[in-house]
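As structure tokens, one chain now follows by itself in the form predicted alone.
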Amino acid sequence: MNRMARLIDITRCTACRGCQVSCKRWNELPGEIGPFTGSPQSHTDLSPNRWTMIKFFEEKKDSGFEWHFRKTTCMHCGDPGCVKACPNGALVKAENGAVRRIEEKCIGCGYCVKGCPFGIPKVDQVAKKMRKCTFCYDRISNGLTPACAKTCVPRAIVFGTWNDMAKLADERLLQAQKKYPNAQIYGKDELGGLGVIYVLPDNPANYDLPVHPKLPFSLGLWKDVVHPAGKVLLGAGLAGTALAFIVSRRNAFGQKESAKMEEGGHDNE
């Protein structure tokens, strides 16, 4: 099965927010009305019930100010830190590239939040569950386009195989550089290749993206040393408890039998 990806061309985004609406509708997520902050950006960040949103970035130029917009969503990384961080196996990477959450295994511990360099996973503290973009796994597994890409009129969001989207990004970059000399691609090389490949007008830092995203060193330590050792210790603890129980039962039985024998001896006297 081919790995899939979304190309998100920032130079074409008009901030219509159709992707936000379509994501809410398809996934049947409740609406959220926040306080007005003075910004045209609808919300400050993602939430357990908001899996994608358009962030606004204002750039000062000699000719005045210019707005840029970035669709923020799960990157579905080639090397996903959230999957490595999850202690319960509640996050898995599918063959088509989607990083999926298994509802019944998620306990809302939040380790995935710490393992993601993009700050994507959000934990519902009431339900004790983490929720995020599913890459429309139900749609793409049945040959359909993700809801956000389906609704994007200027084709700022395009869906296809990872290789095709990487190639299209190169073509879009050449077009973008005619207007934005510093335009660049983000997502082809980062963390094993991201499931979102951006065409950016300028440096990633200008769009709230880490320039060189890296997974915390502690993730490898957690997955390869601490977590397995914890299981061993837990098993040893359980075994020790069971052994102590058996020994105590045997001792109690032995004491009971000794008492019976002593009583029998007194009766014979």
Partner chain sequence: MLNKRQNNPAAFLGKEGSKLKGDASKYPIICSTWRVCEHFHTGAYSRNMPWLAELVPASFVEIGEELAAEKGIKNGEMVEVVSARGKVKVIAMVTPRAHVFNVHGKDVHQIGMTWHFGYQGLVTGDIANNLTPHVGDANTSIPEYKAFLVDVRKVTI
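Rigid core here is just the name for the largest C-alpha set that superposes within 1.5 Å across the two forms. What you are looking at is a predicted structure, and each value in this text was computed from that prediction instead of being measured. Residue numbers count along the first chain shown, from 1.
Beyond the structure shown, there is the form predicted together with its partner chain, which is absent from this document and is the topic of what follows.
> Does every residue of 192, 200 and 213 put a non-hydrogen atom within 4.5 angstroms of its partner chain in the predicted bound form?
No, the whole trio is out of contact, none within 4.5 Å by any heavy atom.
> In the predicted bound form, does residue 45 have a heavy atom within 4.5 Å of its partner chain?
No, residue 45 stays farther than 4.5 Å from its partner chain in the predicted bound form.
> Contact with its partner chain in the predicted bound form for residue 60, defined as at least one heavy atom pair within 4.5 Å: yes or no?
Residue 60: contacts its partner chain in the predicted bound form.
> Any of the heavy atoms of residue 29 lying within 4.5 Å of its partner chain in the predicted bound form?
Because a heavy atom of residue 29 falls inside 4.5 Å of its partner chain in the predicted bound form, the answer is yes.
> So in the predicted bound form, does residue 12 come within 4.5 Å of its partner chain, heavy atom to heavy atom?
Answer no; every heavy atom of residue 12 is more than 4.5 Å from its partner chain in the predicted bound form.
> What residues, if any, in 3 to 41 have a non-hydrogen atom within 4.5 angstroms of its partner chain in the predicted bound form?
15, 16, 17, 20, 21, 24, 25, 29, 30, 31, 32, 33, 34, 35, 36, 38, 39, 40 sit within 4.5 Å of the partner.
> Answer yes if the CA of residue 35 moves 2 Å or more between this form and the one not shown after aligning the rigid core, and no otherwise.
No; residue 35 is a residue whose C-alpha shifts by less than 2 Å between this form and the one not shown when the cores are overlaid.
> If you line up the core, does residue 61 shift 2 angstroms or more at its C-alpha between this form and the one not shown?
Superposed on the core, residue 61 moves its C-alpha 2 Å or more between this form and the one not shown.
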